[in-house]
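We begin with a single chain expressed as structure tokens, specifically the form predicted on its own.
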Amino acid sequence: MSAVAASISLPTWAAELKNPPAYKSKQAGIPDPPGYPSTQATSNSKKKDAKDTKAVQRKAPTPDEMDTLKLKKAWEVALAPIKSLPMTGIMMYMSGNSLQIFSIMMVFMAFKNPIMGIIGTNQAFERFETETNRTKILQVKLTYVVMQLLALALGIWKVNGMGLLPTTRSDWLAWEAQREAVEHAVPAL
């Protein structure tokens, strides 16, 4: 068995995979590629970072600063629905006014997303709300609801364009009374 093992040796590339060659120092004129620092520079920078983090520590933010930051983040959440409105409008315009599966799915999503957003308004802003900024967050919530209503209006525009809104007199013929004729004309021979 040992003779067979000795005669079948690993190829050099397989042996190098198991035991990689030692790090060769680079030439002085060739820098490392971006994002790939040498092992020596990495070990030095790690030591520097450890010293820097110990030396400089951030002070904790004050409650006013936290309220300001939370309010800024709440405004970002409130204005997020309006950022997707142009793309939704373009997609609705490009899908056409005929009744097809793609148009129906677009209309469904145009109604579902704003309605779910309005229902989940308090959940969307509960992480930003504190006792001191409650009135300011109320303004942000109202803005969020208005933005959701704008998105809902876009869905209504699409449904109207498809002819699914009953806005003409002919859509309500079933509820109109038949007119009584005042006089009758009889054709003569």
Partner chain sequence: MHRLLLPAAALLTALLSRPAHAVFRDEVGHVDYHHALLGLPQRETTFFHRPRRDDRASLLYTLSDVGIVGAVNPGSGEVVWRQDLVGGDSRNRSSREEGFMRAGEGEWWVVSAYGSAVHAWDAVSGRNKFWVGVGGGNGGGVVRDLEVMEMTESGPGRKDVLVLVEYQAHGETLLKRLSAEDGDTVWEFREVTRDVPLQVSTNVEKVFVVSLKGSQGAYNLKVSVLDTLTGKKVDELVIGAKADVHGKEGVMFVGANSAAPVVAWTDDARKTLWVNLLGTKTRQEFPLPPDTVEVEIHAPHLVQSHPHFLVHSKTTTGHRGEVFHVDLKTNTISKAYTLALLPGPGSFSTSSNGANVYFTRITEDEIILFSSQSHGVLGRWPLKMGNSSATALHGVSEVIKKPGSEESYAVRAAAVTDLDDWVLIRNGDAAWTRPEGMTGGVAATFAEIPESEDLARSLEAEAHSNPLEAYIHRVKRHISDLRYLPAWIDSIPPRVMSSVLGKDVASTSGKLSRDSFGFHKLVVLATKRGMMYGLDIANNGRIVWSKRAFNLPKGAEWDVKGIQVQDSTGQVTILGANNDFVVLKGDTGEIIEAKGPSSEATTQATALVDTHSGQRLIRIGRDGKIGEVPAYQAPKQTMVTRGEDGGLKGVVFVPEGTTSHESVSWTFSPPQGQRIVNIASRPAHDTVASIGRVLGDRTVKYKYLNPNTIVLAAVNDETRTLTVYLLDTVSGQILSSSKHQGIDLTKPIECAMAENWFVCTYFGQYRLRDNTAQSIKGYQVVVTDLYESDEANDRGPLGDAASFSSLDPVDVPTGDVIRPAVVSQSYVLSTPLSALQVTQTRQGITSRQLLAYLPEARGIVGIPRAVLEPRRPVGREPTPAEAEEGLIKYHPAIELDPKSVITHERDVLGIDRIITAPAIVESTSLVFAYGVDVFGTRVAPSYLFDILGKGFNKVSLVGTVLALFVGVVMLAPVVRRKQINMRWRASM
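Numbering follows the first chain given and starts at 1. Computed from a prediction, not measured in an experiment: that's the story for all the values here. Rigid core here is just the name for the largest C-alpha set that superposes within 1.5 Å across the two forms.
Although it is not shown, the form predicted together with its partner chain is what the next lines describe.
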item	value
Residues 165, 169 and 188 all lining its partner chain in the model of the complex, heavy atom within 4.5 Å	yes
Touches its partner chain in the model of the complex: residue 178 (any heavy atom, 4.5 Å)	yes
Proximity of residue 174 to its partner chain in the model of the complex, heavy atoms at 4.5 Å	yes
Which of 140 to 148, 59 to 67, 156 to 164, 127 to 135 sits within 4.5 Å of its partner chain in the model of the complex, heavy atom basis	156 to 164
Displaced residue check between the shown form and the other one: residue 167, CA, 2 Å or over, core reference	no
